[in-house]
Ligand code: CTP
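Next up is one chain by itself, shown in structure tokens, the form predicted alone.
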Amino acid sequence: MINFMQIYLVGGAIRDKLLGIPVKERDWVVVGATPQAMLAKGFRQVGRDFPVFLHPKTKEEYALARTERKVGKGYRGFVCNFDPTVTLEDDLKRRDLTINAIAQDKNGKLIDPYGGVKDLNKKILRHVSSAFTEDPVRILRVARFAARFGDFRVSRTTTRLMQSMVANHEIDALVPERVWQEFERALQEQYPERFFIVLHNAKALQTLFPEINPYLSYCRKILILAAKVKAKNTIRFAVLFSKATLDAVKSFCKRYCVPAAYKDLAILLVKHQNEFKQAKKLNAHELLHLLEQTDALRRPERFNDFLQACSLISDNHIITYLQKAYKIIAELPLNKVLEEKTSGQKIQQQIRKLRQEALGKLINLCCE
């Protein structure tokens, strides 16, 4: 298509194809081109920090081959060079892991200057070069890839390199939004517990997630269970903090700008998990109070998520009991009460009384 340019498929598409995993998206590197040449061919530029272009038909991303020079802290502290003299090998060298530094030309030939295929076969996560240390996000990425590929191990040299980055405080330059992005993606992987284990081995867990560090063994077990039942991400996040204090959860969520759906469920679980565990010992007033505090009637979907989270840390038979309790008060006929010409406060009192009576019957039935 473009005679004077050399175009290569790179990164995750090659890695996943070699692993027999369905390829979700493809990224391309263009060698020997300029931004002006790409625009002349109908590509649309979208990159802010360096030139990335969208193909006029496929809309896939094409990035000019580039090198990077470290000039400041963090993952934004780079100056990029993307002139036409940058080679494919130069571009691949700046990537994080060898398994992500494999390219393929238009004829299907693999270009693998840093041993990515060998590491794929040996199931090793290994850094490409010493340039790895220049971007602290790579520590999180290695941990996330460990969560995705459960049978891969991180090489000892890469672990030592990550430890040195922590010791040199390079990790302190991470921005909260980027940390949360990797954290959230790791949670949904098949082996989410490995994200935290790798960070622990890199001595980064205490720095990044001190709320989780004291409970690593517990977190490992609970995440294995959550992944096994394919729990949704918000539930995995909530149970991860089920041993933490309320203040710890709030601190974590504030520091990393955690979305409300994650934060609210985690807080709900931390505040009410003990009441949940004692649910069968509660009287009608206390049981209604638990359903009200967990906002079961107004937000039934989140209440169900709360129950699922509780099921991972407690006995499942309580789930059935609370589901019955919710159904009883949700389906309770209230038309006559609502039609009465009286104050709103009195109507609420009557509704609470009816609900408590209905729950009392459930309690008595379960005690027989």
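The numbering used is simple: start at 1 and walk along the sequence shown. Everything quoted here is computed from the prediction, not taken from an experiment.
In what follows, reference is made to the form predicted in complex with this ligand, a form of this protein that is not presented.
**Student:** When you measure heavy atoms, are Asp96, Arg138 and Arg141 every one within 4.5 angstroms of this ligand in the model of the complex?
**Tutor:** Yes, each of Asp96, Arg138 and Arg141 comes within 4.5 Å of this ligand in the model of the complex.
**Student:** Tell me, which of Arg153, Arg185, Arg220, Lys203 has a heavy atom within 4.5 angstroms of this ligand in the model of the complex?
**Tutor:** None of the others qualify; the residue that does is Arg185.
**Student:** Quick one: of Tyr256, Phe145, Phe209, Phe276, which gets a non-hydrogen atom within 4.5 angstroms of this ligand in the model of the complex?
**Tutor:** Exactly one residue meets the criterion: Phe145.
**Student:** With a cut-off of 4.5 Å between heavy atoms, is Gly12 one of the residues that contacts this ligand in the model of the complex?
**Tutor:** Although this ligand is absent here, Gly12 would touch it in the model of the complex, with heavy atoms inside 4.5 Å.
**Student:** If we define contact as a non-hydrogen atom of the residue within 4.5 angstroms of the partner, is Gln163 a contact of this ligand in the model of the complex?
**Tutor:** Heavy-atom contact with this ligand at 4.5 Å: absent for Gln163.
**Student:** Is it the case that Lys24, even though its partner is missing from this view, gets within 4.5 Å of this ligand in the model of the complex, heavy atoms only?
**Tutor:** The answer is yes: Lys24 has a heavy atom within 4.5 Å of this ligand.
**Student:** Is it the case that Ser251, even though its partner is missing from this view, gets within 4.5 Å of this ligand in the model of the complex, heavy atoms only?
**Tutor:** Because no heavy atom of Ser251 falls inside 4.5 Å of this ligand in the model of the complex, the answer is no.
**Student:** Could you tell me which stretch in 268-276, 88-96, 165-173, 110-118 has residues with non-hydrogen atoms within 4.5 Å of this ligand in the model of the complex?
**Tutor:** Of the options, only 88-96 has residues within 4.5 Å of the partner.
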